[in-house]
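For reference, the chain that follows is the form predicted on its own, supplied as structure tokens.
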Amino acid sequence: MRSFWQNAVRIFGPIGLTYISITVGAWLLFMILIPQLIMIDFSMRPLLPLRKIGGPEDIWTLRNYMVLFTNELHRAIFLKTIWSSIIVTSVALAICYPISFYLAKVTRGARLGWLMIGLIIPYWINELLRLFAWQLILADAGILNKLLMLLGFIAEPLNFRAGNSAVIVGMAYAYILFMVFPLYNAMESLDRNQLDAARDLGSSWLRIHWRIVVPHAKPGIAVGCIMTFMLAAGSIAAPQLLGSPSSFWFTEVIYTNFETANWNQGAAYATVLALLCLVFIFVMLRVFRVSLKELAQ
């Protein structure tokens, strides 16, 4: 730790380091800590008329949190959101792993640059517009249904937006870069000679990836899964634009509570969702046996 501060002082100087420390501290205090404490305070107070706020009835209680366990509909939506977010994360990982490996260890030079640009260009467009594009693709009279009917795979249009399928596809696409770049960053530092040596010794590609690439890329996989899961669990635009009534997301329940001025219940649900994401972080660290220090590298 001492060497870290010595290096920081040498790079930024005492005044620059002090400025950076104050800025980071103020950001953490006013943009993260204080809002979270305010939300927790709201979540532990009952919904009261203005004239009763601050009175004897305005006390801390866990009643707002207990609603999640007593309301079967909200509990089912909460569990469905967790499960669907895990599916989104798994789909994104399955798609992005080969892409990241190809970018990190196969392609070179100008082709790598063009492929990177090809990945980034769609994200120059606002997320809402990209989700509207998926609406057009997955609609009953959309491109995908017309193509399947033209090829003779189906006789009538399929309702892709029934259930959670469209939401999962839209989210996996929307957050693909948050999985690609951590994986690419981890795989790029892998020595190619290890892959060549394993191949020369007769290892199959599956064994090479399982024994060499995946262990080396564990920090990137953990970061990608954490970021994708948190974005999916906290998304509201994708469920609203691509979902059906049966694909109601927990964030929509939170939004409805705030919209109807029930800030206390909404704050309680938002706190539960934040705690869920925190638990998921530690689960990923445990599953991949990665430390916080390795994630920061």
Partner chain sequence: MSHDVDIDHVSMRYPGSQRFAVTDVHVRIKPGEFFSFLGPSGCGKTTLLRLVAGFIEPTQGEIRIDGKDMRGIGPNKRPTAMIFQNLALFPLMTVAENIAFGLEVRGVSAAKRRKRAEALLELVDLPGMAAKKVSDLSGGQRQRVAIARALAVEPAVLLLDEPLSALDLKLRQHMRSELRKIQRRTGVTFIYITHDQGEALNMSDRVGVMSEKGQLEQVAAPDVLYNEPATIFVADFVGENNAFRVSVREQVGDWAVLETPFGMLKGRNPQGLTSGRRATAFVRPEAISVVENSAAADNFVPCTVENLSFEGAFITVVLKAAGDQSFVMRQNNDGSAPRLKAGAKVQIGFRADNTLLLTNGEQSGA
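Numbering follows the first chain given and starts at 1. It should be emphasised that the depicted structure is a prediction, and the values quoted were computed from it without experimental measurement.
Beyond what is shown, the protein has a form predicted in complex with the partner chain; the following relates to that form.
- The stretch in contact with the partner chain in the predicted bound form, judged by heavy atoms within 4.5 Å, is 185-193, chosen from 74-82, 116-124, 185-193, 156-164.
- The shortest heavy atom separation between G152 and the partner chain in the predicted bound form exceeds 4.5 Å.
- Though the partner is left out of this view, G109 does not reach within 4.5 Å of the partner chain in the predicted bound form, counting heavy atoms only.
- The closest heavy atom approach of D140 to the partner chain in the predicted bound form falls outside 4.5 Å.
- In the predicted bound form, no heavy atom of P98 sits within 4.5 Å of the partner chain.
- Out of the listed residues L147, L128, A197, L206, A197 is the one that sits within 4.5 Å of the partner chain in the predicted bound form by at least one heavy atom.
- Residues from 209-236 that approach the partner chain in the predicted bound form with a non-hydrogen atom closer than or equal to 4.5 Å are R211, I212, P215, H216, in the order they occur in the chain.
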